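In structure tokens, one chain follows: the form predicted on its own.
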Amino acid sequence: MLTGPFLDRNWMGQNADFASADIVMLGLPFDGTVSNRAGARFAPEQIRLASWGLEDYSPRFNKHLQDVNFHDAGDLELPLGNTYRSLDIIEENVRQIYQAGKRFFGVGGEHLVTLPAVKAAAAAFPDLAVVHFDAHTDLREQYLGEEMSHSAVIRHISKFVKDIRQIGIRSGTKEEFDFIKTRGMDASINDLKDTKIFVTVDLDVLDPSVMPGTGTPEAGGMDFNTLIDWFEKLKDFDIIGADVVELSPDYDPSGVSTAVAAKVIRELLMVC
């Protein structure tokens, strides 16, 4: 028998025991509907490796990752080329996480992976609200004739989640912005403190100067500290699920975007 030690391919600071963990992290390596620059399916593995370059302590939240008590279950194996089957697999696994009495933390992958995760969360918590960080509205009814697209994910979620708040939005069609006004999907969150919420972070909410390694970079975005300021506002909210999506690591060969994504995940874990 080999004595090692061996490299750990799970997230730094995770609890190796599923049963005793409060949060389950799940890698969602899917990018089958990306409309611009593909490659987000490689993000979960690369982010895990980058996590080992972080400290496990967050000075902003005065917590260690071990205090979060999360278990990294690894990446789901998803069938390439089969969008609907991939979404079904994600939904079933997230449903099992909630049935086990735990919270969910997803690492994508493109933004469409949020749809089945929120479906499972809404089944467990019918009065769920969604807080959505993104550069793009993601409210299209279809894109190039395809209704199941990462650019339509929030539109699909709006069919079964009544309360959605969008933060950082700076790109979309006029029809999408009209829909935001009609539904009241603004950036106010203070009235959600007594509500179960799911937080979804598309990394292109950050400015391309901070996050060039994403599928659809959009100028005029947040800096890193502004995003973490928002997380600090959420620390007293009842977050029952979250995900971080849309890193395309190969578009930033410096590795900086992947390092930023890992730190965004670490800080969001601190408030879940």
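Residue numbers run from 1 along the displayed sequence. What you are looking at is a predicted structure, and each value in this text was computed from that prediction instead of being measured.
Keep in mind the form predicted together with a further copy of the same chain is missing from the figure; the text below concerns it.
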item	value
In the predicted complex, residue 140 touching a further copy of the same chain (heavy atom, 4.5 Å)	yes
Residue 260: touches a further copy of the same chain in the predicted complex, heavy atom cutoff 4.5 angstroms	yes
In the predicted complex, residue 170 touching a further copy of the same chain (heavy atom, 4.5 Å)	yes
Contact label in the predicted complex: residue 164 to a further copy of the same chain, heavy atom within 4.5 Å	no
Option from 111-119, 186-194, 173-181, 153-161 whose residues, in the predicted complex, bring a heavy atom within 4.5 Å of a further copy of the same chain	173-181
a further copy of the same chain: the contacting residue among 244, 65, 227, 26 in the predicted complex [heavy atom, 4.5 Å]	26
Residues within stretch 144-159 having a non-hydrogen atom within 4.5 Å of a further copy of the same chain in the predicted complex	144, 145, 146
